[in-house]
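The chain that follows stands alone, in the form predicted alone, written as structure tokens.
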Amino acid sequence: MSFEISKEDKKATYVILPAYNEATRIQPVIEEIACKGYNMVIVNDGSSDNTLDVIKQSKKRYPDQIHIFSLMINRGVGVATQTGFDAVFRFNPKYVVSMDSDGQHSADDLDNVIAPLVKGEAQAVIGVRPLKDMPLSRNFANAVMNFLTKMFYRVDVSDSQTGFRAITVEALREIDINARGYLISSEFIREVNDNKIPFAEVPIQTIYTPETQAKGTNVFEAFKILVQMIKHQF
């Protein structure tokens, strides 16, 4: 990337990481984000393993960059992300990013994702995964969700189910997200569109492992989201 993000803009950026039972995967994610100079709001989503302990270990190394919030029970990625969105206002950020905590997303893409915000080209950004690298079942489910997002929310995007997104704090104040689970991805796009917030798509890399492939929007999750979308119309 030719455009360089300044240290000041990195310091003004907070990355929200919803985490549920990610004890074996989250530490490298945290460390890479911290090393790049970004701040984090990590939401422990009622994990039953030692995810919280792992997060606390990283906080000892980066006390000023890591802020921990915990939900008593597992509420789902939508609620955990919204908890992060609500909490981040107390830190007066300029830019807010949300990404997965399981290692599926690369911290190397953070600069690219916030660049349109820093340059004033957009107020919201979604990171678009390469379809060719996506497992077949996930690819199909994503195509279905892209179609449903266009049909229900009247927004045509390349990757409606991406968990890597960024937004200015001013735009974040304008949107209202209530999704409990993976519907949050489509809801984020709907809110950005309904509030006429200029947004951009940025290509990102995605790291698929057996663990990350087992999560996310598969065909079953796509059906559940469809039911939720229908309910939201009434």
Partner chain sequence: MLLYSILFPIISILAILWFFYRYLKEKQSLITVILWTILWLFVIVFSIFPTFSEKFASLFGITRGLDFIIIVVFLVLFYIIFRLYNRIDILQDEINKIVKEVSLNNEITLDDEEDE
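Values in this document were obtained by computation on a predicted structure and should not be read as measured data. Numbering follows the first chain given and starts at 1.
Unshown form predicted together with the partner chain; subsequent notes refer to it.
Using heavy atoms and a 4.5 Å cut-off, decide whether K10, K36 and R129 all contact the partner chain in the predicted complex.
Checking in the predicted complex: none of K10, K36 and R129 is within 4.5 Å of the partner chain.
Of 161-169, 55-63, 26-34, 197-205, which is the one stretch near the partner chain in the predicted complex, taking non-hydrogen atoms within 4.5 angstroms as near?
That would be 55-63.
E121: heavy atom within 4.5 Å of the partner chain in the predicted complex?
Output for E121 is no: heavy atoms all beyond 4.5 Å of the partner chain.
R90: heavy atom within 4.5 Å of the partner chain in the predicted complex?
Flag for R90 set to yes.
I'd like to check something about V155: if you look in the predicted complex, is any of its heavy atoms closer than or equal to 4.5 Å to a heavy atom of the partner chain?
No, no contact at 4.5 Å.
Within a 4.5 Å heavy atom cut-off, is S70 in contact with the partner chain in the predicted complex?
Although the partner chain is absent here, S70 would touch it in the predicted complex, with heavy atoms inside 4.5 Å.
Which residues in 163-195 have a heavy atom within 4.5 Å of the partner chain in the predicted complex?
Residue within 4.5 Å: R180 only.
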